[in-house]
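Just the one chain here, laid out as structure tokens, in the form predicted alone.
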Amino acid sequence: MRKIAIINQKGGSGKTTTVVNLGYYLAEYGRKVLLVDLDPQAHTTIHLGFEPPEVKKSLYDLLVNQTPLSEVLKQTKYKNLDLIPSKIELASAEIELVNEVGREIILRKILIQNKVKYDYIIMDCPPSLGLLTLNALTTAKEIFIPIQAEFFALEGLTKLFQTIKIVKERVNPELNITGIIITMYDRRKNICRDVEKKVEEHFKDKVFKTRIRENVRLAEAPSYGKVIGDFDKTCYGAEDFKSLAKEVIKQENKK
């Protein structure tokens, strides 16, 4: 079972888009996938066609109220793809859990206790380095970082790396960055090529060969509650995420 946290504290990096569409194509290739929406904005939940006000039980209930996982887990309309949804109440979880012993490993304990079995667990982290992100980092074995091909792309990553280093040293020695995804890419733009070069110099073979190109259809799909392969399977976005999923599956052979 591969447990992957998709993280970047910079908003707009394509984090949720990556979680949902990569998860979908992995499921299309026969992998059993669980998505965990750790962001109180609930974008992964909405992207998959669930309206947060209509979600009775969410990750908040799982973490704070010890609600059974079976009451929280949602089957999506896509084969092999399940979801632990989010709601805005999750924003208060960090405060409510402040005095809880082992609060940074609650999610990990829940998944172990429930003997959760998937080929992939992919976690959508909030754009901050608080308790929710910490729960993802203590649960995950791998980190994928989507990096937008723009001027401020690498800003703030130093703090993220420090946090990952601390978690790896103190709580989760198995944690490693295993994938960098360049998003919103347009090879015609100098800035995109410059960022691409810097990212490749810094991360070397951790950078996926697939580039997620700028694509209007990718931006439109969430408002219809659909993954890109369901919304428009002929567009660049579908082509790119299908290619990325193949690369991720190839990594399985190296483990």
Ligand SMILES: Nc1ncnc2c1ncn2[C@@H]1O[C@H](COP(=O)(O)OP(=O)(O)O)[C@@H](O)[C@H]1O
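Quantities reported herein were computed from a predicted structural model and do not represent experimental measurements. Residue numbers run from 1 along the displayed sequence.
Absent from the display: the form predicted in complex with the ligand. The rest refers to it.
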{"query": "Residue 227, heavy atom within 4.5 angstroms of the ligand in the predicted bound form", "finding": "no"}
{"query": "Partner contact for residue 184 in the predicted bound form: the ligand, 4.5 angstroms, heavy atom", "finding": "yes"}
{"query": "The ligand contact in the predicted bound form: residue 218, any heavy atom under 4.5 Å", "finding": "yes"}
{"query": "Residue 242, heavy atom within 4.5 angstroms of the ligand in the predicted bound form", "finding": "no"}
{"query": "Contact residue in the predicted bound form, from 194, 28, 214, 200 (heavy atom within 4.5 Å of the ligand)", "finding": "214"}
{"query": "40, 130 and 135 each touching the ligand in the predicted bound form (heavy atom, 4.5 Å)", "finding": "no"}
{"query": "Residues from 1-38 in contact with the ligand (non-hydrogen atom within 4.5 Å) in the predicted bound form", "finding": "10, 11, 12, 13, 14, 15, 16, 17"}
